[in-house]
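Single chain ahead, written as structure tokens, the form predicted on its own.
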Amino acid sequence: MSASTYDSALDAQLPLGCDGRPIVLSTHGLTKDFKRLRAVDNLDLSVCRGDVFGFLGPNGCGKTTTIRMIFGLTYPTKGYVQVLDHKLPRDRVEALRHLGGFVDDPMFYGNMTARRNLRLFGEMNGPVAEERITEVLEAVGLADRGKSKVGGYSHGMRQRLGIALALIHNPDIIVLDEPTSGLDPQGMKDVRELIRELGARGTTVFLSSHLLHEVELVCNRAVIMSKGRVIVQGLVSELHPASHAVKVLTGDQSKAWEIISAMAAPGSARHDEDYIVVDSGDGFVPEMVRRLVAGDVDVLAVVPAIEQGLEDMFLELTAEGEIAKSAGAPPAGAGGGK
């Protein structure tokens, strides 16, 4: 599949960021109020040409409301979205020519084939060649199911068909709202691999997710949201807070807990399903293992706790935000919204 088409002359006129690449999608003071609820609060973010950009935050932090404003489906209370050189909501029609994607789950006619659905929905925004339909079906791994009725598709196949529709007109930017939501592990893996392949081809992807691990796997840059506001944005490799925690599994977790909690700093050990998680410093792990063995506790596994929960991450970053606020930063907005 060919990469998204774009006007290099136009790119030369766009503001630069991200190591000199043009900014193709940005928000400027974007705010949305619903009566007494502020769903999005003064949001500033920028997505550069070729990014796979993670829009990360827990359910209810304002992600879907933001995407609705990006597509012009709801108007901001103040601020605006910019797609290339077009501002929304003012230039909605022109901006949408450069966008593809979906909000919430993509919807199709179950009694029609995938090809017919792509033709029907695609032609709402201009002519669609049969060769292009074949091309996008191949890109999302549905070439052999193009003549099957969508009513017989699994949820994961529908998600991939939604991405095919997003690609149909070769947009500059693909916007995907929780594309792995509700999928089984294999379906999640398939969609992630597809997004990774799109990024490798140079397609700019804006990926909304509440899963930190998902963003780490497929995105190069990301923004973290909480209560409608940006907590931090930048390279994904720099967003994960430093942690030296390890996960411990033994043959006797009750006795292991007594030993570990006695030697660890107060509050640094906790339970996580079948594991004991403990924040460790230099020399802690060898000494812990020695004490467990000396206490006749079989040590089955000691592994880095690299998948720190997103909630823990928010606690750390929000604490930093509170410090910044006490130093004079604007107060956080109230409320959420998906």
Partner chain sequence: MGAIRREFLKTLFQKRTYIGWAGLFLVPFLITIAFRFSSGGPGSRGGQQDVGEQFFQGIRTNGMYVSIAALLALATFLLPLLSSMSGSYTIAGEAENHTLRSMLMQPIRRGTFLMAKWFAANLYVAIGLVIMGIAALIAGGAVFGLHSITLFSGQDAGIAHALGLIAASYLFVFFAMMAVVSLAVFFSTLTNSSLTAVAAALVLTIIFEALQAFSVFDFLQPYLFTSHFSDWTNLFRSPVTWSPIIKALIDLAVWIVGMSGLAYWRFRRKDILS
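Heads up, when I say rigid core I mean the largest set of C-alphas that superpose within 1.5 Å between the two forms. Positions refer to the first chain, counted from 1. Fair warning: this is a prediction, and the values are worked out from it, not measured in the lab.
From this point on, the text means the form predicted in complex with the partner chain, which you will not see here.
Segments offered: 70 to 78, 225 to 233, 190 to 198, 254 to 262. Contacting the partner chain in the predicted complex at heavy atom distances within 4.5 Å is 70 to 78. Taking non-hydrogen atoms only, Asn125 approaches the partner chain to within 4.5 angstroms in the predicted complex. Though the partner is left out of this view, Asp104 does reach within 4.5 Å of the partner chain in the predicted complex, counting heavy atoms only.
Residue contact check for His210: none of its heavy atoms lie within 4.5 Å of the partner chain in the predicted complex. By the criterion of a heavy atom within 4.5 Å, Ala129 is excluded from the residues contacting the partner chain in the predicted complex. Put simply, of Arg145, Lys247, Arg116, Lys87 only one has a heavy atom within 4.5 Å of the partner chain in the predicted complex, and it is Arg116. Residues of 22 to 60 lying near the partner chain in the predicted complex, listed in sequence order, are Lys32, Phe34, the criterion being any heavy atom within 4.5 Å. Once both forms are fitted on their core, the CA shift for Ser226 between the shown form and the other one remains under 2 Å.
Once the cores line up, the CA of Ala114 ends up 2 angstroms or more apart between the shown form and the other one.
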